[in-house]
Structure formats: C-alpha cells, structure tokens
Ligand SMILES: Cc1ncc(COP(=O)(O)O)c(C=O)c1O
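Below, in structure tokens: the form predicted alone, a single chain.
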C-alpha cells in the first residue's frame, strides 16, 4: 500500500479501502471468536500505557495497516471486556456481531439522523423501533420516544420533560426516589440546577425497594411546608441488587398527588419480554416516562439508550426548537419527525439501525430466550453458593443479579467485609472472571450479574471454585 505520508488527499483507492476494511473486520471477527479465551480484564497504569500512544502531533501519516496492528497490540489488549461471558460486574454489555456491523454501516454512510430531510429512512427506522419498544412495554398509541447515548441522558430528559409538563416557568419541584436509585439521577438533578433542598432520596424496605409509607409521608410534609412536589422515580431493576420498586403503588401515589411518574428501567425493562419480567414489572406500563438501555440487556454495542414517554407531545413540547436555518427541514406531515424536536441533539447518529437490524436478523424469540437464560443463571449461582455454608447470600437472585459474602465460621462481619474486597482483588489479578464489590446495608459484598447469552454453567462452577480457593487462602 502507498505510504500515507506521501498522500495529498484523504482518499484511498477502492483496493486500499478493501484491504484496510478486511483487516478491521478480521480483527473484530477474531475478537468475537476468541473472546472466551481472553482475560476478562487487562489493566495497565498510565505510566505503562503512555509510551505506546504519547507522541507529538503527527505531521506526516503512517501506514493504516500498521496502525491497526499497533492498536490491536496495545489498545484493544488493555481494556475491560464488558462483553466477555465471564464479565459479571456492573451491568455487563454482551453484544452481537450484527449490531457491530450496523454501527460500521451507519458510520460508513455518515448518516445524519437529526431531521427527516437529512435521513428520512433513518428517521422512519427509528420510528419503527421505538414503536416496537412502546408495544413491548405496554405503552399506549399516544406514546413516543427517542434513542440517546444511554440511561444518564434518558433520565435527564425525563426530568426536563416532567418539569416542562408539570411546573410553571422558573418553578422548582421536589423529586422522590429510593436511595438505591442509579447515581445518574442525582447527577442529572445537579446538572439541571435542582438543589438538594428539592431532592428526596428515600429509605428502602428489607428487600431494598422504596418504602411507600415513607414516600407518602415525605410528600405530605413537603406539601404542608409549601414545597411543590414534581415527580416520583421508580426502579425497574436496580444496579445493586436488581430490585424492582412497587411500580403499581408508585403509580397510585403519583396520580393521587398529580406527580410525574418516571421509571428507570435502563437494565431491567428488557426483561418485560419474559414471563418473569411481566410479573416483576407490573405497573411499568403506567409510567409517564421510561428509561431503557438497549446496550445492556438487549445486547447492543455502545452507545444506545432510550427514553419512552406516555404522550409523545410531552417530549415535543419540552424539546422542540426553531431557527432560520432549520425552516426548510420542517415537513408538512406530522408523521415525518425531526428528531431534534424530541431530544437534546441536533446532530445525532443513526443509533436505531443496530437495534433494528439485530431484531430483524435474530428475531425477538432469541432475545427472549437469552434474557430468560440470564435470569436463570443468577438463580443457578445462588443455588451453587448455598451448597457451601461458608457462602452467605446477602441479596438473593433477582433480575439476573445476586449478592453474597464469604464468611466461614469464626469470621465476623468486619472480617467478611474485608474478605469480599480481597477476593475481588484476587479475581481481578487472576483474569479468568471479573467480580467487584458493592455495599448493601453497610456490608461489603461480592456481586454477580451473569447475563451473557454464551455463559455456561461450567464457567460459573469454575468461577465459584476459584473464589472459594482465594477465600480459603486468605482465611488460612
């Protein structure tokens, strides 16, 4: 290939582009086919990494094939593989090959999905996929939605929509949520200038779900003091334990006090396609808005989150805009949406394509079976741990998540907390799996979210065996 430092334009020949493309695809295929043989986590310190990448701004180019080799060797080999079958931490991000290829197509065509004029087909595909999600989640025909980067932005947009719908200009309103709610919510409130005076993190019950009595009491106290309530946030699968708040009850409280009801289902909402999820998520369909993340349990590549609303007009009223240079983009047909009127971004990528292609290629049944398997795998982890009395279940398997401690006889609670940290460190160094800690009721616990569709019971058995080995060594 002609050296790029001799090139005088950004163009490559068709043959050169294919050669580069084949090398990229080969790298991705190798990643997918050999992923289960790799270490789950490869962490290097800054001083180790900097020499690989820190050079002066390049004045002349380098061979792209050499560049790909360099990145494979030093960049993609030093990351956390959130799509690895034995990545059990946070919320895993198992992906699928069609989703990755859809991203490549959307990027290659550089689709602008901000308005109908620039990407009518992209907008219509987004309309269709949003309609699919509305139907699956039980929202009415008046509903609408938009794809965004992730749950953090979706939650932020939900607050903006609630405030625009329920409050008058400049008015503040209190937001009620459980202390187990995702950290993005308090960050979003801070971004929007909603002071702590209007933030109401509430206690949870023994199952780590929002306490309804405490909620009612707090709302009434605020009303008595002259403070305006705005919205209630319910969880459809918390990050810590997979707990689902009593959504039906939250909906009743919201209606009683005329509050906006938002459900954060960034992780758990996808389970609605299973019998387990339909039972666990009763009341989710009553929400005014719902966050869900296809890059979690819908097995899509980063980034694709989603906000659904019960009334599409609420989203439009909160985010629609106009400018002289946008006049020609306005369509006389309301069904031909300009998505810049429904969200934060004007310039936005074709996120819907990967979800659309994945659904069309694989079909909903495969997604349903895969989500069901993740739920069952967490239950299997719990059963295996209960066979050994040295393991203590702190939060039983629910929504694909289980929390536990290693606490043999003679080890106190503080010792068990320390063992959780040390076992997690050993697992990290070992590289076979990745399990980190969290805190539940002041206890430092190990947490597993075994939802990868390709994960096997044998891998879970081996993971537990290794943790037990590390635990015994630490105790001895």
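Residue numbers count along the first chain shown, from 1. All of these numbers come straight from a predicted model, not from anything done at the bench.
Just so you know, the form predicted together with the ligand exists too; it's not on screen, but the next bit is about it.
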query: 99-107, 371-379, 291-299, 132-140: which one contacts the ligand in the model of the complex at 4.5 Å, heavy atom to heavy atom?
result: 291-299
statement: Picking from 161, 239, 405, 398, the single residue whose non-hydrogen atoms come within 4.5 angstroms of the ligand in the model of the complex is 239
Interface residue in the model of the complex among 145, 151, 229, 94, criterion: non-hydrogen atom within 4.5 angstroms of the ligand: 151
message: Given that the ligand is not shown alongside this chain, does residue 266 nevertheless sit within 4.5 Å of it in the model of the complex, heavy atom to heavy atom?
response: yes
- request: Using a 4.5 Å heavy atom cut-off, state whether residue 271 contacts the ligand in the model of the complex.
  value: no
- prompt: Does residue 155 reach the ligand in the model of the complex if we count a contact as any heavy atom within 4.5 Å?
  reply: yes
- prompt: Could you tell me if residue 182 has a non-hydrogen atom within 4.5 Å of the ligand in the model of the complex?
  reply: yes
